[in-house]
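This document contains two forms of one protein chain, each encoded as structure tokens and listed individually as structure 1 and structure 2.
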Structure 1
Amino acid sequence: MLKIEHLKKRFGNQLVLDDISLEIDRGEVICIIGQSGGGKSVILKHIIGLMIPDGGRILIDGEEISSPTKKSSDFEKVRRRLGMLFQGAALFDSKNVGENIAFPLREHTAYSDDKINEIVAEALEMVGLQPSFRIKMPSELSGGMRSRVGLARALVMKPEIMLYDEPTSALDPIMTDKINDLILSLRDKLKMTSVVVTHDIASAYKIADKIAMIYEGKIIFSGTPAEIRASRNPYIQQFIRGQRKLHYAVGSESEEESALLRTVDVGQIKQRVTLDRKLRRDKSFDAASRDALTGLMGYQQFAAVMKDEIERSIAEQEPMALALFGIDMLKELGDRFGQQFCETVVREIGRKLGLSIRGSDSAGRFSSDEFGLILVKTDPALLDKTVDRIRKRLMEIVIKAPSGEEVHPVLSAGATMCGETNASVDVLGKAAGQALGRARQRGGNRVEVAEVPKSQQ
């Protein structure tokens, strides 16, 4: 939907953006991460026409909206499709909350006062604020409330693409989580495409379908949250671990380098344990353990990640689930269209799975026709619905057979929550596998959830 091609911007002698290219699909949340002052916000300002690029162009639905030859005044029409939440919300200080939200409506629509009041109340409700907030002045609001009012102001014009500039910077962790949930709920409710600029890697993991990392004016990484966590680029590792120094030892076999890594800015025992765990994970996640066909984790790596997540789930008492997705009738497809077609189906579904999961979740190839998905902080009551939603998303794929026929792959899924009685990789994997088997026995194209065995005590 939104495409950035070879974007360049220079401020004086400083090259801020150097050949930035990105593609964002409809309904997707992309997080652009990178250090402060790295040019992240400049990208947003180009999308919404506050800046004109020195090179490259930006397209929405194939239509060029920004290029060096376009003027700022050409953006009036495009901006109706875009909304932006500024860092600090940028509320108009002289107007109260209600007037702030109503301002664009009063100027761009012919709505009556009653209708405008109704829309303002709806917008406030959507961002979780009481109608009584409308008479408050921006100076009376906390940072999180200001962000929500800023979001409400952008939402009243019903934008298709929402741009967020550091929406959670300077907010406490609870408020950060609320804003992140709000971004996700807007995506789900309004199918809104979102571009989020942030340096908060935890938020990016939570909300992003895709993460792009900018460094020295270039995109050095673009992929799913799972992929960025598995990246072996030392700068990316430094950034996502929040460390001052680069460490090149990640995944290295050298004992000396590994020892160096253990001493890098890690004082607390807990951090050291986490680091060891991550190191083990990274070490095993080299090219050999990556599934060559889908680019997801191979079984060995997936099992290591699952072990870590099970430990974390038990220690932190947070729910975690394992889901297995199996491609129904893959053998029949192979018989009909050939083995190469089967590989195409597996590859496309693997790719789609990699793009469909939350930042905090991890996906891997479990067996030849099965994919595993670790879902953290999942509501046990909604497990079947959550897994079914992902399953249906995977089934949106249409693959063209050599004969020209369009094939819609069908998937079944089995899932189970992790509890104290089944907290091991093998037991959990077996339970999910049995649930998947049941789903297939019952005709496939469905989700089955295995019960967690009750404690004998």
Structure 2
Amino acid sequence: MLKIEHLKKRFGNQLVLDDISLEIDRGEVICIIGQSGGGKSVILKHIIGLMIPDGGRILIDGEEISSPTKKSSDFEKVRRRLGMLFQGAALFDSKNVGENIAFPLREHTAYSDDKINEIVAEALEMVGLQPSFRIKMPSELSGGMRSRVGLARALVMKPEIMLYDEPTSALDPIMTDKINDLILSLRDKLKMTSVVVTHDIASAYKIADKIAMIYEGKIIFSGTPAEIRASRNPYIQQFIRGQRKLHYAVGSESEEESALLRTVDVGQIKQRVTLDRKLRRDKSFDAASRDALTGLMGYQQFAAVMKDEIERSIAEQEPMALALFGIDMLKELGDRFGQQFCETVVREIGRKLGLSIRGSDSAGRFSSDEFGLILVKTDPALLDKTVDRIRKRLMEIVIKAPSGEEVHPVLSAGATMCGETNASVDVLGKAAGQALGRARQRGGNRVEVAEVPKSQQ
């Protein structure tokens, strides 16, 4: 639907976009990530016509909408197909919420006041705001509420493509999750194509069908969240692991938040870059290494990543844990509804797991009914709570069986911390596996945590 071909932009002597190419399908959510000042927002401004490229072109449904020969005025017709949520929402401070939302309708349509009021009310409802909000002034709103109003203003023109410029910037974890859920809800309800610029890798994992990473004006990665987590590119790994916003999409607790938010140690970052370079020399993984059904890492790749994380945990003296999740009674589900239904259950749980973890963690599929999760920088005292919250998030899935019955998969989990005496893939995997076995023996639908052994086995 939306295609960017060889886009180039220079400001003076600085080359900001250097041969950028992207293709976004209808109804897809793509997140563009990268460092601040890397050109992410410049891409959005080209899509919506606020900037004209020095080279390349942009097409919607095969029709060229932007190129060096186009003018900003040429965008008047196509701009109605586009909506944009600017960073900070960019509301008019002198207008109340209702007037802000109604502004594009008054500028670009001949609707009556009654029709405009009706559309404003629908937009407020769509972003989860009460009708009473329409008389509030922007100064009375929190950052999250301002973002919702800005989104409502963009939605009144019923855009086919929605552009988001840092929609969760400066928001707390809880409000960030609400905005992310809203983006997904709009995609599902309106089949809207979404382009999201963000530096928050956790948000990208939660909402993106595809992630593109820009570095020094070039796209250095484009693929699924599972693929970027498995990348051995040292810059990508430093970016996704260096994110200090390490809250879980499944919810947050103040004690865990304080445990995860640590001061950046420059020495540790340098040490990690050195290790990542070594890992890139030693290993190379491709799509064949991933599980075909879920898109998660296969066991061989997962084991190699776990070995790397064990080495990093010891080198940096940072806690690391392994959790195994098992689908309870999957065989029984197969007997009732067939093998194809079982594959649907496994695929949906794998997808949910990929969306329910932090950017610093890694997930893989171990067997027909088991998944593995590597948790870095996890407080041992919170391990059981952390794993249980992820387990419960996976159990939110509802799958309709061939009979029409709605099935809620049930999972058990086993987990263990990495310590000096069990710092190997085999020993760590055995301990987590035994904990998962105990959980199932005790009736399932629970979490068991294995203690760190006192000596290597």
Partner chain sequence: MNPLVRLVSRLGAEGISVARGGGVFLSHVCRISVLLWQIITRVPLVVKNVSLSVEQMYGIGIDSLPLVSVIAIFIGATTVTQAVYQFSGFIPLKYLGLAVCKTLITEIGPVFTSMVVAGRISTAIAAEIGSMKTGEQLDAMTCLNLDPVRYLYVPKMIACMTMIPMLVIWSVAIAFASSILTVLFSVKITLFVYITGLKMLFNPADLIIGVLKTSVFGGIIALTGCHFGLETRGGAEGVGNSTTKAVMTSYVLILIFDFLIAFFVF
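Quick caveat, the model's predicted, so the values are computed rather than measured. Residues are numbered by position in structure 1's sequence, first residue being 1. We call the rigid core whatever largest set of C-alpha positions still superposes within 1.5 Å between the two forms.
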Matching the form predicted in complex with its partner chain against both blocks gives structure 1
| said: I want to check R365: does it shift between structure 1 and structure 2 by 2 Å or more at the Cα, with the core superposed? | reply: yes
Item to complete: Please check if Y205 moves between structure 1 and structure 2, taking a CA shift of 2 Å or more relative to the superposed core as movement.
Response: no
Flag for I52, CA shift 2 Å or larger between structure 1 and structure 2 after aligning core: no
Students should find the CA displacement of L296 between structure 1 and structure 2, rigid core aligned, in Å, to be 6.6
